[in-house]
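So this first bit is one chain, no partners, the form predicted alone, shown in structure tokens.
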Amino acid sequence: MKRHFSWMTCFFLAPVLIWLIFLIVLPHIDLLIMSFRAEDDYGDMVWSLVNYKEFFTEPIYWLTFVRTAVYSILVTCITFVIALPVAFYITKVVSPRVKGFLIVLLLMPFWVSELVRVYGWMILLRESGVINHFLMMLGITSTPVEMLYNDATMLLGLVYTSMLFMVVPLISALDSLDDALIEAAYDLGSGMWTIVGKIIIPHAKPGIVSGSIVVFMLTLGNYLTPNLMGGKSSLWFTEQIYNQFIASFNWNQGSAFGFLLLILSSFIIWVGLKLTRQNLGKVAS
């Protein structure tokens, strides 16, 4: 029995170990080593901190870094504010049949790639797009309005592409909320904001933290949406990483930027868990 258990353990453990070691641990170790390597005056590769020094001495790099972090937090907050009433309506207001239909509606945009979803928004918002056509037809504006390639449009695209990853954890968390608690609070004279602040949000806290972590990480590492909807002025840090790897062929600098982004995301998630007094293991489960 003990030998059988050992073989079974190895059978289930092997794919996980292969995945962890070859797809996560080894590539990251290689990138970490590359981030501390640079060419000296003779063209030889030596150990150096010059890649990290470059980041702190060039304002465009660390300003883009800070801007990406701030906008990622803002996108996470906006997504939560929109997703909470949506999740509450799906779990507590509509019938189970309609609930399934609404969840399918939420999933449908994600049956196609992010590129198609972003181009869909660009068709709507461009100068010759659908919205400008109706604005001019109704006489609201006489000339097309450029709605693309600004921060507001970029935030719109990032919120849209992240929405499902906030709604699903919230639906899962709110499903276990007893309706009698809300009804009792309402009968005792509590207002909507009191019920939201003292019953709904505390109960849904694990789902909120879980969804916020996923949305924040996806936004921080997003490249396509900021690049297409924000244009050249998007100044997203993943674009800096892309430029170092692909445009400049400076893999050492790109590796350093990648690790700085990893440290930033880990730090902000750690702060978020401390502020909300949540445990990462509990949130992940």
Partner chain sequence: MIRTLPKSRTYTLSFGVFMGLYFFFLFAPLVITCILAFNDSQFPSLPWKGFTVEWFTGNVAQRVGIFHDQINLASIWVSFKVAICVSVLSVMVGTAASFLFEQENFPLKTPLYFLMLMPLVIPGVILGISILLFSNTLGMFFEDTWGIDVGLFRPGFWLVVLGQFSFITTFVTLVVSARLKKFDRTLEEAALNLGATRWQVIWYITLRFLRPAIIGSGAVAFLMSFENFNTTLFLVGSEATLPINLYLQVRDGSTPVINAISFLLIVGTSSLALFNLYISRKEKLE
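Note that the rigid core is defined as the largest set of C-alphas that superpose within 1.5 Å between two forms. Positions refer to the first chain, counted from 1. Because the structure is predicted, anything quoted here is derived from the model rather than measured.
Although not depicted, the form predicted in complex with the partner chain is the subject of the following passage.
Only one of L174, I182, L135, I73 has a non-hydrogen atom within 4.5 angstroms of the partner chain in the model of the complex; which is it? None of the others qualify; the residue that does is I182.
Hey, in the model of the complex, does G230 get a heavy atom within 4.5 angstroms of the partner chain? Contact check for G230: no, nothing within 4.5 Å of the partner chain in the model of the complex.
Would V271 show up as a contact with the partner chain in the model of the complex if we use heavy atoms at 4.5 Å? It does not: once the partner chain is placed as it appears in the model of the complex, V271 has no heavy atom within 4.5 Å of it.
If we define contact as a non-hydrogen atom of the residue within 4.5 angstroms of the partner, is P206 a contact of the partner chain in the model of the complex? Although the partner chain is absent here, P206 would stay clear of it in the model of the complex, with no heavy atoms inside 4.5 Å.
I'd like to check something about T68: if you look in the model of the complex, is any of its heavy atoms closer than or equal to 4.5 Å to a heavy atom of the partner chain? Output for T68 is no: heavy atoms all beyond 4.5 Å of the partner chain.
Are all three residues L26, V116 and G120 in contact with the partner chain in the model of the complex, where contact means a non-hydrogen atom within 4.5 Å? Yes, because L26, V116 and G120 each have a heavy atom that approaches the partner chain to within 4.5 Å in the model of the complex.
Within 4.5 Å of the partner chain in the model of the complex, which residues of 44-70 have a heavy atom? Give them in sequence order, or say none. Not one residue comes within 4.5 Å of the partner.
C-alpha of R97: shift of 2 angstroms or more between the shown form and the other one, rigid core aligned? Yes; that C-alpha moves by at least 2 Å between the shown form and the other one.
Superpose on the rigid core, then tell me if the C-alpha of V25 is displaced by 2 angstroms or more between the shown form and the other one. After core superposition, the C-alpha of V25 moves less than 2 Å between the shown form and the other one.
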